[in-house]
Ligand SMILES: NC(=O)c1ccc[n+]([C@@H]2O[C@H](COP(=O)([O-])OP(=O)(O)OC[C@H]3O[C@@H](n4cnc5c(N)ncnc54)[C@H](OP(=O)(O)O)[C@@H]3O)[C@@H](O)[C@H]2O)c1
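What follows is a single chain, given as C-alpha cells, in the form predicted alone.
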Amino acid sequence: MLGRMQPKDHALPDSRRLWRIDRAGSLARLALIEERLAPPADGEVHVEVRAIGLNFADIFACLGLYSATPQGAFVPGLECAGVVTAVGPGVTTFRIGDRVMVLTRFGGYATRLNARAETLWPIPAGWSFAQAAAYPVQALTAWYGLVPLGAARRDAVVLVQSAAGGVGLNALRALQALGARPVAVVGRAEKREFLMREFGLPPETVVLRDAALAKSLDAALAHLGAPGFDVVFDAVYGDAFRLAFDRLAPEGRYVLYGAAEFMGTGRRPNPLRLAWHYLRRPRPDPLAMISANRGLLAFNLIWLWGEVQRLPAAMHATLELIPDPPLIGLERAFDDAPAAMRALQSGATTGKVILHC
C-alpha cells in the first residue's frame, strides 16, 4: 500500500474515551474518562478503534500482579482493531481507510489511539473487527511458545493447559496445522465437550483438571502410545505443574507463559492467598533436569514490544500457521469493560472476550 500524509482539511476528533486506572491494585479503580489525543507523530498511525481484545494480562496488570505493569496511572489493553484515520510523517505502509489490527504495550482500552506502524497489520479479508481484535496477542503467544521456544513438530505429543481459552484454542489450531498430537486440559466438563466437538479430539486426549488429573494424563499418553510429552504449554502453573513436568519425555520442553492459578476471582488481590500459592509454588531442580534431559522455558510476550523490528515477521509467521479467525466467546460494549474483565477472570468463558466501541 502507498502511504500518504493526513490531508490538512481533514480534522481529527478533539477527544477520545478510555478506561484508566489511577494505580494498580484493584479493578474497582478503573474509571471511564475523556481526554484529548494529539495527531500521530513520526512513524505513527491514528486508529479509530472498533473492537478491543481482552487478555488475562490486563487483569493481572490492574491487580498489580504483572511484572510489566506501568508505574502510576495507565490504560490497560494490549490489542485492538479499527480503521486508519490519519498517518504521521514517514509512514508508507498504511493509508486512510485501511482496516487494521493493532498491538499496544498497554493503552488499548480506548476509542482512538496512535500506534507505531510496525505494530499494525491489515485485517485479513472476510474478518470482522471483533475477530481481528481477538487475534494478535493470543495467536502470537501460541506461535512463539510452540514454535520458536517449544520446537513443536509433526507427531510431537503436546500438552496444552487451559486449552479452551483464547491462547489454548490458537495452540490447538497451530498443532493441528503442524501435524502434532495435542492433549488438552480444561477446567470444566462443558469445555471438554466443546473441544471434542470443535476439534474432533479423542475423548482420551481431552482431560479435566481435577483430582484424577495424573491418571488422566497417563491414560492420554497410553492412548497415543507415547512415553511422555514432547512439549508442555502452560499458563496455569500451580499444582498441575509437577504432574506435567514429571511426564516430559527426554528432550521435552516445558514452556511456561503465565500463572493463572495465582490470580483469584476478586476485584483486588488476596495477600494471604497469594502468599500461600507463592510458598507452595513448584521448584524444579536444574540438576535433576540434566539427568532427565528436560528443559524449562518461560516467557512474557510483552518483551517483544521492545523488539518492535521483529514484530512484522513474527505476525507473518503466525498468520501462516494460524490463518483462521479466532473464536469469540463473549462480546460487550466499551462502557461495560469492568464487567467483561470480571467475566474473563471467572474462568467461565470459552474463546475470546471482546469490547465493541
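Numbers for residues come from their place in the sequence shown, where the first is 1. Quantities reported herein were computed from a predicted structural model and do not represent experimental measurements.
Heads up, the form predicted in complex with the ligand isn't pictured, but that's what we're talking about next.
Considering the ligand in the model of the complex, find the one stretch among 150-158, 223-231, 180-188, 117-125 with heavy atoms no farther than 4.5 Å from it.
-> Only one stretch qualifies here: 180-188.
F60, G166 and V236 each touching the ligand in the model of the complex (heavy atom, 4.5 Å) = Result yes, every residue of the spot touches the ligand.
Taking the ligand in the model of the complex as the reference, which of L344, A24, A337, L18 has a non-hydrogen atom within 4.5 Å?
-> Only one option qualifies, and that one is L344.
Using heavy atoms only and a 4.5 Å cut-off, determine which of T104, S162, S216, T111 is in contact with the ligand in the model of the complex.
-> None of the other options qualify; the answer is S162.
So in the model of the complex, does any heavy atom of S67 sit within 4.5 Å of the ligand?
-> The answer is no: S67 has no heavy atom within 4.5 Å of the ligand.
Please run the contact check for M315 against the ligand in the model of the complex: heavy atoms, 4.5 angstroms, yes or no?
-> Although the ligand is absent here, M315 would stay clear of it in the model of the complex, with no heavy atoms inside 4.5 Å.
Close approach of V84 to the ligand in the model of the complex, 4.5 Å, heavy atom = Outside the cut-off, so no.
Could you confirm whether C80 comes within 4.5 Å of the ligand in the model of the complex, counting heavy atoms only?
-> So C80 does not count as contacting the ligand.
Looking at the ligand in the model of the complex, which residues in 129-165 have at least one heavy atom within 4.5 Å of it?
-> Sequence-ordered list: V137, Q138, T141, S162, G165.
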